[in-house]
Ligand SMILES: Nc1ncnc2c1ncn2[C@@H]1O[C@H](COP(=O)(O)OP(=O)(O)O)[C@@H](O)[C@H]1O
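Here you get one chain, nothing else, as structure tokens; it is the form predicted on its own.
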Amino acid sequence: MQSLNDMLSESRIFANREALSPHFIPKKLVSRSKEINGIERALAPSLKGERGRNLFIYGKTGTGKTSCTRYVLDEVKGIPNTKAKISYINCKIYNSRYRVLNKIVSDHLPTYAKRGYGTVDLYEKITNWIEEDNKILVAILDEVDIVKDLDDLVYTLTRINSDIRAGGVTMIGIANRISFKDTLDPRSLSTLYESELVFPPYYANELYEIIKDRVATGFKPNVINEDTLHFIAAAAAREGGDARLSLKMLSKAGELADEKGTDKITMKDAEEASKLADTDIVYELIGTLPEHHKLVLYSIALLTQSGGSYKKLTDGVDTYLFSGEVYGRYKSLAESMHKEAKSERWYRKYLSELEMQGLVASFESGKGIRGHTKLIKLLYPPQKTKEVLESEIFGREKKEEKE
């Protein structure tokens, strides 16, 4: 066990821990030149003072959506005399129309921020500010699919372009799920006029190049060998091509070696780190899920822990749940929280997306079990999943009630 003095002494492994963070933007982004170019093309009209098309960027967690967008924003800072005024908005924090509008006002009209204005007042402040000198507001909405009143937000931002004589608003939305637009009202969809950019998962060789580049800055020389780097890249590629996961593994492996007081990261460190990092990333991923996805996953965790109504559907290790049973629990949970439960069609879509994120697995039951039905299995420990979701669902609800 490390003493406090050991912890405060200089690391034998790390040179710059920040370089291993998923939030660190390197000078060059590996394997994303096409996607970066797509974001640049979308922003180019706004930089010239013209209204551009809205852009929606999709891709699973860890595919570089936010990193590439922030990389382009850093490029924009170096362009003089541009008409574009940019607001980068993390919708995990600013998760409602009011909060997004207030953030835009706070970014560009700070003297008016936090004065208790209503939504209509904020809207008028923004439109008047744009019209002053024909500005183009670029609203970058990261994790836009988390916004609770997304319809209202999209309609409001696109409506500005109809209400002003000059200038305009361009929206760049970043989302994990390509299907999130299915939830929008037709009136919002009709005003969008958007293009789309999909970020695919990284391959093992691309992940290897990413982590090799970070190692050069993040670790001291000769701390990790090529074989161990290839192992980490391959492990992250098998888990869905998530760059954040590969960086988390790399950082964890460094921490394990540091705790031992050695100056090398071994393959054993990397193997242990891959198990720890995978779990960490999953619980971070749960926090990014939209509200009803969380409620469905919470229902699965509750039923898994209790064994479900059909306790014979267990092999002593895993518990399998009927899809209808999960939907019933989700409905009663939503109602108990005074929320409107979505239809079975939407529930099936949520289930499919939870499966795509690797949080659950589903199987067709085959013959012999109450006809032909779908069985669902939670892929992570139910107690920990339940605790994370309770913090996310009920902790956030209490916070919002106070506000």
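Start at 1 and count along the sequence shown; that's the residue number. Everything quoted here is computed from the prediction, not taken from an experiment.
Another form exists, predicted together with this ligand; not displayed. Remarks below refer to it.
Asker: Residue 67 near this ligand in the predicted complex, any heavy atom under 4.5 Å?
Answerer: Heavy-atom contact with this ligand at 4.5 Å: present for residue 67.
Asker: Against this ligand in the predicted complex, would residue 26 count as a contact residue? Criterion: heavy atoms within 4.5 Å.
Answerer: Residue-level check for residue 26: yes, a contact with this ligand.
Asker: In the predicted complex, does residue 61 come within 4.5 Å of this ligand, counting heavy atoms only?
Answerer: Within the cut-off, so yes.
Asker: Considering non-hydrogen atoms and a 4.5 Å limit, does this ligand approach residue 32 in the predicted complex?
Answerer: The answer is yes: residue 32 has a heavy atom within 4.5 Å of this ligand.
Asker: I have 22, 214 and 243 flagged as a candidate spot, so tell me whether each of them has a non-hydrogen atom within 4.5 Å of this ligand in the predicted complex.
Answerer: All of them do, each having a heavy atom within 4.5 Å of the partner.
Asker: Spot the stretch among 206 to 214, 251 to 259, 278 to 286, 164 to 172 with residues whose non-hydrogen atoms come within 4.5 Å of this ligand in the predicted complex.
Answerer: Of the stretches listed, the one contacting the partner is 206 to 214.
Asker: Considering 153, 321, 224, 247, which brings a non-hydrogen atom within 4.5 Å of this ligand in the predicted complex?
Answerer: Among 153, 321, 224, 247, a heavy atom within 4.5 Å of this ligand in the predicted complex occurs only for 247.
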